[in-house]
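Shown here is one chain on its own, the form predicted alone, set out as structure tokens.
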């Protein structure tokens, strides 16, 4: 495998980056850590003639307890003990991303915008050519669910569910100025699966902001994968809650790795507020979530097993954030 030629651009400010995005609209990719994009380029997956490298854009770097720049390396978060103590769900999600070598290059923004994955997409050009290309790259039909309207490749990031349950917001800059939206609103769950986000053309993720209230919540992230040392999630469940005594005051739950986008399940958690989180209520939530998710056969583990384990991991996550829980 090799990289085909492309033109590399190295802007030094957000404004310069956005100008390049305007100039090369439709023919560029942003290059963050490159741990996902460059292997896909080597597989000849959706190549673009221009790459806009974000390494030198200072406004995208650095982190504090309140703000994480989009180009912050995951390893930098992993080495910050105060940050890890403040946000257990993010700490667990970061540690579950691939390997130390990947985390040394991989970035927050890159993980939030990882390309969705599928058996029929993440293959060499010759493999895909021999089968018949899919609608996500070079073809016009989905091999997982045979039709030509929607791609079912699976969202494969770890950090989105953890950030979603902490009410994190994405800071976005673009031709129309700056705006902030909840992390979950970055993703287009109702679309065709090819357009994965709701970012407008030319927009750029600058940073993620965490509210001070998130540091008062108990939180966790639980991940299922085939090889614990490396793999993308077959599913990931995050939960966060705050109690007054034994009474539940706040609760949020999100899952990724099961569908084309990460989902937060407020309709399941809102009815639980104001009372203790009992084993019975946890089981009810786990059962309902299991019934809502719709994994398909495009990863290593069978859909029925992933669906069942979504309930198991939800039960473990919710039990794990109760006061007095040790794991």
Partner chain sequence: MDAASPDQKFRLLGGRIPYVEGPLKVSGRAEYTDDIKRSGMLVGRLLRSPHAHARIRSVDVEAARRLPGVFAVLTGEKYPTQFGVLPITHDETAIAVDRVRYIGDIVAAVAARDELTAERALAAIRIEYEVLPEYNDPRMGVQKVEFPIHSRGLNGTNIQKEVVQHFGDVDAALGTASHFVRVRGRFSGVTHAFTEPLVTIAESTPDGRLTVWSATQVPHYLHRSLSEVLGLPMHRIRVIKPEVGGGFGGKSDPLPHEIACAALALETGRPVKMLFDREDVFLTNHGRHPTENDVRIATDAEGRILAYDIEALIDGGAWSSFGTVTTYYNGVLSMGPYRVPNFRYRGRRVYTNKPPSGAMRAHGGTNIRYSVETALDELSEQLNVDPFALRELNALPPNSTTINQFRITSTSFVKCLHAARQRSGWDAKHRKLPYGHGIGLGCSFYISGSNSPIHFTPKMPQCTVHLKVDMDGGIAVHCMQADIGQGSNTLMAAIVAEVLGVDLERMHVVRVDSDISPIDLGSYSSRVTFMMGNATRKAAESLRDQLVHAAALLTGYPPERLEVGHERISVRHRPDVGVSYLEALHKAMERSGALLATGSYTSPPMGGEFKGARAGTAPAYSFGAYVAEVIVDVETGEYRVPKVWAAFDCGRALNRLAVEGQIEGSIHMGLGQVMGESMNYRGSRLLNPSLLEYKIPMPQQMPEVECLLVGDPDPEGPFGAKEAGEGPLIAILPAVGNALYDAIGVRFTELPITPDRVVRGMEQRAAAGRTWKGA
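Only a predicted model underlies this, so the values are computations on that prediction, with no experimental measurement involved. Numbering follows the first chain given and starts at 1.
Below, we refer to the form predicted together with its partner chain, which is not included among the displayed structures.
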* Structure fact -> Assert contact residue (its partner chain, in the predicted complex, non-hydrogen atom within 4.5 Å, options 209, 136, 117, 196) equals 117
* **Of 296, 301, 65, 273, the one that lies within 4.5 Å of its partner chain in the predicted complex (heavy atoms)** => 301
* residue 316 near its partner chain in the predicted complex, any heavy atom under 4.5 Å? -> yes
* Even though its partner chain is not shown here, does residue 143 get within 4.5 Å of it in the predicted complex, heavy atoms only? -> yes
* Asked: Any of the heavy atoms of residue 225 lying within 4.5 Å of its partner chain in the predicted complex?
  -> yes
* Is residue 185 one of the residues lying within 4.5 Å of its partner chain in the predicted complex, judged by heavy atom distances? -> no
* **Stretch in contact, per heavy atom within 4.5 angstroms of its partner chain in the predicted complex, of 86 to 94, 228 to 236, 196 to 204, 251 to 259** => 228 to 236
* From first to last in sequence, which residues of 153 to 173 have any non-hydrogen atom within 4.5 angstroms of its partner chain in the predicted complex? -> none
